[in-house]
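Only one chain is given next, in structure tokens, and it is the form predicted on its own.
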Amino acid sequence: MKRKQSSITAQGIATIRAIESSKRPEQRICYDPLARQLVNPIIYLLVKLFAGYGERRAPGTMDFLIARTRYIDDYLQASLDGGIAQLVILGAGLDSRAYRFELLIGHVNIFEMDHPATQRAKCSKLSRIFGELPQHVSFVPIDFNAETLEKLYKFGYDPQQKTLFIWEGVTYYLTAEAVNETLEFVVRNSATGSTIIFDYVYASALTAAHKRGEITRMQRYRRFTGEGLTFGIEEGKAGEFLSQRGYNQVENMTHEDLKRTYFTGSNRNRAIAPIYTIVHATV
């Protein structure tokens, strides 16, 4: 990401959530009533206008993003039921969970970590939506490729509390070193029973001779957006990858699992891109 530029990807993903949330309850997979207010109106209109074209160029990508939101929402709810005391959202972008999950407010310490430019833009939006910047969230500016999560301690993070780390839509853009450092921090600085959930792309999809459309475009336009796809985990290797880094109870949610879980009834014909997976693991 460019130093002074707010994340373009975050805007696009929030727009996809907003479009899905505008559907009737029986049709939508995820529901984010704040997404529409968080995105730039021009980007919203552009994404909505070209959604069909984007789906043809990268079939199933939008529905993966929608299913990802729903699955992480469900996992957060299960974590709340399991008694987490802290929530850390890594690379928060325009994530709205801290404001739409009422059980979080007053019960869980929340930290949103993100690139300073993206975070400033989001805080401005939140102030307009709520009349002031919500006080129940600690906003921690960070460059994941240059700084470590040790910065959390300056904002009141407690390593003795059971914590959920949400790392949604971030690993793709990081170096392998930055990914390893984040995973190591979580293992060494969170209480037993803490968990991390994140999504990743299969490493082979990044180097394939014939890449999917969204991979090619992201890599081609990296110098303009500052957001290129660089990191992946090979298919079937996430369990070994995380076990080697001190995690257990590793569970993968593949595109087939997501489709079987959420895309039923009138949504049964919607496709999910096969190169992305969500994984969660326990400290």
Ligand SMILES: C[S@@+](CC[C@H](N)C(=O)[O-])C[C@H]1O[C@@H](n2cnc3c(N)ncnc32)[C@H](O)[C@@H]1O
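All residue numbers are counted from 1 along the displayed sequence. The shown structure was predicted, so the numbers you read here are calculated from the model rather than taken from an experiment.
The same protein also has a form predicted in complex with this ligand, omitted here; what follows describes it.
Within this chain, Asp143 lines the site of this ligand in the predicted bound form, having a heavy atom no more than 4.5 Å away.
Although the partner is absent here, Thr195 lies well away from this ligand in the predicted bound form, with no heavy atom inside 4.5 Å. When contacts are judged by a 4.5 Å heavy atom cut-off, His255 does not count as touching this ligand in the predicted bound form.
Residue contact check for Thr9: one or more of its heavy atoms lie within 4.5 Å of this ligand in the predicted bound form. In summary, among the residues Val88, Ala98, Val170, Val108, the only one with a non-hydrogen atom within 4.5 Å of this ligand in the predicted bound form is Val170.
Just one of Ala203, Cys123, Leu174, Val187 comes within 4.5 Å of this ligand in the predicted bound form, counting any heavy atom, and that one is Leu174. Heavy atoms within 4.5 Å of this ligand in the predicted bound form are found in one stretch of 89-97, 151-159, 74-82, 123-131, which is 89-97.
In sequence order, Asp114, His115, Thr118 are the residues of 113-135 having a heavy atom within 4.5 Å of this ligand in the predicted bound form; the partner itself is omitted from this view.
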